[in-house]
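One chain comes next, on its own, written out as structure tokens in the form predicted alone.
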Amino acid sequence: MIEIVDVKKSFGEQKVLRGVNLTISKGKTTVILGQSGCGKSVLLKVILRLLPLDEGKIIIDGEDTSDYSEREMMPIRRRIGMLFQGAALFDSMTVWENVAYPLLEHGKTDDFDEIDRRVMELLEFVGMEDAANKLPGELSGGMKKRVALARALVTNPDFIFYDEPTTGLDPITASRINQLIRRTQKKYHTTSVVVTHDMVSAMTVGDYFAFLHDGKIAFAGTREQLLSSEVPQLREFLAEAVPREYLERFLGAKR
């Protein structure tokens, strides 16, 4: 479980997070929604301490990491797999080398056969086993995301963060990524956080939802509570972001 308590983050005079309070439930997928540029990705980076927080607390499984040094954060980060928006693969490494990198970097094992078994197991899971010897430049955007997910899973993390996992993908490829996120959660029982403004993706993968607006969580709850919410800013966001067929499918909600 991750507890985010009154977290604030500014860049100069620009206040991005103005007191975020949110609990990420263990073993479930929490989707953080909001307009582009509202601070969703910043929140993920603050949890990972890739960005320092200005005020507040980040508590991970009862451990207050708010004042942790870079060295103290390393064991925490090893428990978190991250799927970056642009996949962030190493261009000069093959697919196999990209997925194996966390195991080699963190010295989890020096048994090459064990590393190879783990890498190929995950490449098969994401449907990329035939691309093990290819370079990222030979892959499509959706293929890169699948390889990045395999890399995020290779160390058996307790948590996985997905930053805009379907951005830039065509609808068919985005649907495949969404289904893969669901399969990942069910098979590995990870606690997942998905940041997105794509409501089709959110509806497909989410168990719980939080809506970030004006630097604060304006809503948090289930899908049913989301679609019946009377929070004005959330209703406006849903009216713009949710396709009609999804509103009709989930609870018969109407625009």
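Residue numbers here begin at 1 and follow the sequence given. All figures in this text were calculated on a predicted structure; none of them were measured in a lab.
Below, we refer to the form predicted together with a small molecule, which is not included among the displayed structures.
For the three residues 11, 38 and 164, a heavy atom within 4.5 Å of the small molecule turns up in the predicted complex in every case.
Looking at residue 197, you'd find a heavy atom of it within 4.5 angstroms of the small molecule in the predicted complex.
Put simply, residue 85 is close to the small molecule in the predicted complex: some heavy atom of it is within 4.5 Å.
Not displayed here, the small molecule is approached by residue 42 to within 4.5 Å at the level of heavy atoms in the predicted complex. Using a 4.5 Å cutoff between non-hydrogen atoms, residue 22 does not count as a contact of the small molecule in the predicted complex.
In plain terms, the part of the chain that comes close to the small molecule in the predicted complex, with a heavy atom within 4.5 Å, is 29-37 out of 57-65, 199-207, 214-222, 29-37.
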